[in-house]
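Here we start with a single chain on its own, the form predicted alone, put down as structure tokens.
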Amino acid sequence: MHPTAMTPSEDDPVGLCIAGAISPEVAVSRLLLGHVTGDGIAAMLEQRRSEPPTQRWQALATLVEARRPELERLSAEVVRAGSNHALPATDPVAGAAEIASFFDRAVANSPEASVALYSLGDPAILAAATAEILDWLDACGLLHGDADVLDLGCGIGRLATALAPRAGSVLGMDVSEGMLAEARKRCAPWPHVQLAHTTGQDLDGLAARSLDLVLAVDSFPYIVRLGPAVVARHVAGAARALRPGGALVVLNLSYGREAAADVAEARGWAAAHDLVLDVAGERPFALWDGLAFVLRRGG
């Protein structure tokens, strides 16, 4: 998605969607996170009916109308969960346990929405977003047939299963046992996909120079919640595990911070671990608004 010259403010998801800055799916998910119900979203759209461009308004209105019952259910679940995903934890161990408990509950309610609320619980939307990520990784030259990959914060295994036909091995790690149980069902056809529980405190168990790609899709914001020391241990562990030519890919580094702050932090990682920051805070996807970072180990 590329914003127009007159992009509305970040607190106006409907306006951002109409302007072409975010997809209808992301706009709806942002409204849900703001505790707006499906009926409330429909009412907001009706108020904006006359705003150009009509085609973008129509795409958003069609999505909301088609998924109204699911939106009401997801809205209730968001309110019930009541978790602020940008709120720093006072204790990293207790914070990781709270995150795990949140995702245990979320995956029981909607596996697809638990890993990407913008999927609105629809497997087809999640599959399309996953395909976008893989296409982008491929275009960046990060996928090859014998690559050993870590999927950090693997959730229900949606990326692990998509990567499986393209990789030599995939290791999926998550703090949530509920997520891992769902991932095990989905990854069962792929014997070279392994799944493991992590405490969320470090990556010390990874062998040096054992991986070609460390992929963290929407998982680093939760590591950031646990504090700078936990972030530093994860980045150090990932850097140590990368082979020459390998890469750490972070899609969304934090929630609630300015993009410039995330770029500055990623530059610090690169300097500290002799990595090259190839992609620094780009938004390469049409369906999802994830902020992309690629840090490569020299060959």
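Since we're looking at a predicted model, the values are computed, not measured. The first residue of the sequence shown is number 1, and the count goes up from there.
We do not show the form predicted together with a small molecule, though everything after this point is about it.
Distance check, residue 115 to the small molecule in the predicted complex, heavy atom within 4.5 Å: Answer yes; at least one heavy atom of residue 115 falls within 4.5 Å of the small molecule in the predicted complex.
Contact test in the predicted complex: residue 74 vs the small molecule, heavy atoms, 4.5 Å: No, residue 74 stays farther than 4.5 Å from the small molecule in the predicted complex.
The small molecule contact in the predicted complex: residue 176, any heavy atom under 4.5 Å: Output for residue 176 is yes: heavy atoms within 4.5 Å of the small molecule.
In the predicted complex, residue 218 touching the small molecule (heavy atom, 4.5 Å): Residue 218: yes, in contact with the small molecule in the predicted complex.
Interface stretch in the predicted complex with the small molecule - options 163 to 171, 135 to 143, 184 to 192, 197 to 205, non-hydrogen atom within 4.5 Å: Selected range: 197 to 205.
4.5 Å heavy atom contact with the small molecule in the predicted complex for all of 214, 237 and 269: The answer is no: none of the three residues contacts the partner (heavy atom, 4.5 Å cut-off).
The unique member of 129, 120, 78, 152 whose heavy atoms fall within 4.5 Å of the small molecule in the predicted complex: If I apply the 4.5 Å criterion carefully, the residue I get is 152.
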